[in-house]
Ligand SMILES: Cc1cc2nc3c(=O)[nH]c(=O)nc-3n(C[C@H](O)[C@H](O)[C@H](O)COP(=O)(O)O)c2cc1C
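Take a look at this single chain in structure tokens; it is the form predicted on its own.
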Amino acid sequence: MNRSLFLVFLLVTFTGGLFFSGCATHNAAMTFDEEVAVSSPPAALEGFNAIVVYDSWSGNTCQIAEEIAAGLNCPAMAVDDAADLAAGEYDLIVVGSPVHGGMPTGKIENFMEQAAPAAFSAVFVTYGAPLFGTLTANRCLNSMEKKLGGQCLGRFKCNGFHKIFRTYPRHPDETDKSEAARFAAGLLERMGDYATTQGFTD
């Protein structure tokens, strides 16, 4: 093997290693608005009105949406069913999308453009692209947060199996779902003071 072929071989090997390096790891991550006071949530947020709206192409985002909704004790609604949803009537709206070219899906884009801002919001995405996937996920979250308006309490991202690249098989897995449930708990903590002051509790 001459030097040129050897260098090409090294480049291909290195690139392939980077391409698949994250496919077996957990990249779930969440951040919260640090300016929002954190308190223990009331035992029962009576009258607290929340909803999770999501788009999902292969079921990845749907799984995370259901975990977050379960943690918030609220419905999870596919964006196809949300045409008549009055988002402004909710105290908290959580919106999720798969990442498509660094942006949310067109359906989620349309929903956010037409929805009246809720008092509080949160955003989440699933992504399967290797290498720069986490960067495009952040770009997507930034776009969603900006379009929703209001006060965004937090954002969550995790891997999902990519049908084209075949990356992150079996994701979202139980660890991803557990992190999504923890994200929901974090949102509830940040809603605790608001719920008390707005008279959600008895």
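These figures come from a predicted structure and were not determined experimentally. In case it trips you up, residue 1 is the first one in the sequence shown, and so on.
Not on display, but discussed next: the form predicted in complex with this ligand.
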Notebook entry, point to check: Taking 32, 150 and 190 as a possible spot, do all three reach this ligand in the model of the complex with a heavy atom inside 4.5 Å?
Noted result: no
Note to self: Please identify the residue among 112, 74, 129, 87 with any heavy atom within 4.5 Å of this ligand in the model of the complex.
What the structure shows: 129
Notebook entry, point to check: For the chain shown here without its partner, which stretch in 173 to 181, 154 to 162, 141 to 149, 66 to 74 has non-hydrogen atoms within 4.5 angstroms of this ligand in the model of the complex?
Noted result: 154 to 162
Notebook entry, point to check: With the partner left out of view, is residue 169 within 4.5 angstroms of this ligand in the model of the complex by any non-hydrogen atom?
Noted result: no
Check: So in the model of the complex, does residue 49 come within 4.5 Å of this ligand, heavy atom to heavy atom?
Finding: no
Check: Would residue 27 sit within 4.5 Å of this ligand in the model of the complex, counting heavy atoms only?
Finding: no
Check: Is residue 101 one of the residues lying within 4.5 Å of this ligand in the model of the complex, judged by heavy atom distances?
Finding: yes
